[in-house]
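Next comes just one chain, in structure tokens: the form predicted on its own.
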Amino acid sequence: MSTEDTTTDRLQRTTRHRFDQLKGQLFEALLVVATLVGIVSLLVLFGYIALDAFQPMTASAQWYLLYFGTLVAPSAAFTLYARRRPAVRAANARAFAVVFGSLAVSLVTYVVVDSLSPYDVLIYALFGAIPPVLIGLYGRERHSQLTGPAIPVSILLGLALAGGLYGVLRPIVGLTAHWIAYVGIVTLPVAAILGALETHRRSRREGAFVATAVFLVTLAVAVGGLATGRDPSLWVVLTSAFVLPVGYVVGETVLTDEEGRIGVLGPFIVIGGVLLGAALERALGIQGLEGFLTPSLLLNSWDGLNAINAGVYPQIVGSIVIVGFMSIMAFPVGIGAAVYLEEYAPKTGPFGRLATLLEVNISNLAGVPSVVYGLLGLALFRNTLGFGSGVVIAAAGTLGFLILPIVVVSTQEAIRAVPNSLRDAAYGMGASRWQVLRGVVLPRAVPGVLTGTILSLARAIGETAPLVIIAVATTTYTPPSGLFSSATALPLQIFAARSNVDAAFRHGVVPAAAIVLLALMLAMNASAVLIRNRFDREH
């Protein structure tokens, strides 16, 4: 009898075990199906948008064969070659990052500075940058503990001083040519960065040589532009922020990385394939794509009557300016609040309970609908402060309120993830709270902070509802010229154009503008991901 019971128990346990295994397998299968459904749904959505934007059926078979031979085949062959060689793969990734990253930075810098006035940007850049640089150099020599806190204070004081002296400085700075302002805004910082890199790698003398070479080459390009009767402003920016940094990185890789030097060819194979294909397409008269994602869409102003002439240049610049000012206003406040709540706020007593109350409310604010933030922006910026309808500072401030809880919560989580043992070890060596925060906590929290930055930027750049509430115009024909000028954003133009009676707008211009918006968001996110990965490797 006892043997029968034991056998029955074993059978029951085996059956229960198999049943549990079956439940686990079914749950795993459901997860796989849910993932596939999500991915396929997104692919179908993006495919639908891409079909309308590019209209691939309008191109001839010769066009596809042409670009397969000039772009796809060479790029695929080089990728397969680099994939099996780690040194080549690393150099290839570095070359892609510097070529396309510096090109994007130089173009964005030019269009934003050009719309805001290079003279105004130069004044505020000089007053905002020179004091912290001087304090940093002083602290490097004296090793003062007050250097860190003094730097953000000096930036604020410098910007306030620039605002106070603006009426005196603006007429004086306005006497110079535009390209000289771009030299101060772009060339001098790039020369300082490349000079510092060369000083760190080799010697101070060679760093000074590189910085001087950057300045002289840019000056020669400007003189060449003036000699041909053209405004050299764009060429000054492209030379300083694109050509010379790419040349520095490529030259450095070729000279020092014997195994991986061939990897720098990757981006030039892609660019060369596109240019060669375009030249052959025009020379041979091959029928290409007739989509709406064209240079006209990126460079023209809006035309609500003719879809072929419709452009979103003011909307692109408006989105960049609004999100840029939003970042300047929201990220320092959000990160500062998170650092205070995690590292300085008391855990007990009345102030501790106040800190807990703040944390709970901040977490709840992260889930508030965006329309509510639009009403907050309308009440604060328009009804209380009296700003005009749809000005840049009101739009940036409203979106800043929207992302502030996300920044605070994600930064808090990143700071909490730093092990306490590292803090204890630093305190045990006699470090102060500020030294622990600066040298131990923040460097290890940066990847998590940047993850929150990516999420908040992606949400802010695609928001429409709060901008509609604060009466931001859906269509403007010029980019914003300052904090208090009218501006619009790309999502608003897409929202307005989707109801145009002309089907070419709904099924051509709107998908093409959506592709531009996605590319803009991916470029911003890619920058944050690159910085995050760099900190991940270092720590």
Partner chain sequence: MSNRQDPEANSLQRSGFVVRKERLYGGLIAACAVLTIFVTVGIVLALSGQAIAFWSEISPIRFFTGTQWSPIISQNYGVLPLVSGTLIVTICSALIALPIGLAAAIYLSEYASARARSILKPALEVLAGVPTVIYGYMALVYITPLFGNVLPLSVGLIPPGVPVLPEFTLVVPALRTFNALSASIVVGIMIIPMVSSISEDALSAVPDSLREAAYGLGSRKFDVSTRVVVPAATSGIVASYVLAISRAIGETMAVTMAMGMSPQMPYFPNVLRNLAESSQTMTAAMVQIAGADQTPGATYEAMFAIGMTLFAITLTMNVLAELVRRRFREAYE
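Positions refer to the first chain, counted from 1. For clarity, a rigid core is taken as the largest C-alpha set superposing within 1.5 Å between two forms. Treat the numbers as computed from the prediction; the structure is a model and nothing was measured.
There is also a form predicted in complex with the partner chain; it is not shown, and the following applies to it.
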Subject >> the partner chain: the contacting residue among 133, 417, 372, 220 in the predicted bound form [heavy atom, 4.5 Å] >> reply: 372
Subject >> Single option in 351, 340, 138, 96 placed near the partner chain in the predicted bound form, where near means a heavy atom within 4.5 Å >> reply: 340
**OP:** Given the partner chain in the predicted bound form, answer whether the residues 34, 432 and 521 all have a heavy atom inside 4.5 Å of it.
**Re:** yes
Original post:
Tell me which of 200 to 208, 224 to 232, 247 to 255, 364 to 372 has residues with heavy atoms within 4.5 angstroms of the partner chain in the predicted bound form?
Top reply: 364 to 372
**OP:** Answer with yes or no whether residue 49 is in contact with the partner chain in the predicted bound form, where contact means some heavy atom within 4.5 Å.
**Re:** yes
Original post:
Can residue 404 be called a contact residue for the partner chain in the predicted bound form at 4.5 Å between heavy atoms?
Top reply: yes
**OP:** Please run the contact check for residue 479 against the partner chain in the predicted bound form: heavy atoms, 4.5 angstroms, yes or no?
**Re:** no
Subject >> is_contact(residue 383, the partner chain) in the predicted bound form, heavy atom dist at most 4.5 Å >> reply: yes
Subject >> Residues of stretch 490 to 505 in contact with the partner chain in the predicted bound form (4.5 Å, non-hydrogen atom) >> reply: 491, 494, 495, 498, 505
Original post:
Is there a C-alpha shift of 2 Å or more at residue 28 between this form and the one not shown once the rigid core is superposed?
Top reply: yes
Subject >> Rigid core fit then residue 517 CA moved by 2 Å or more between this form and the one not shown >> reply: no
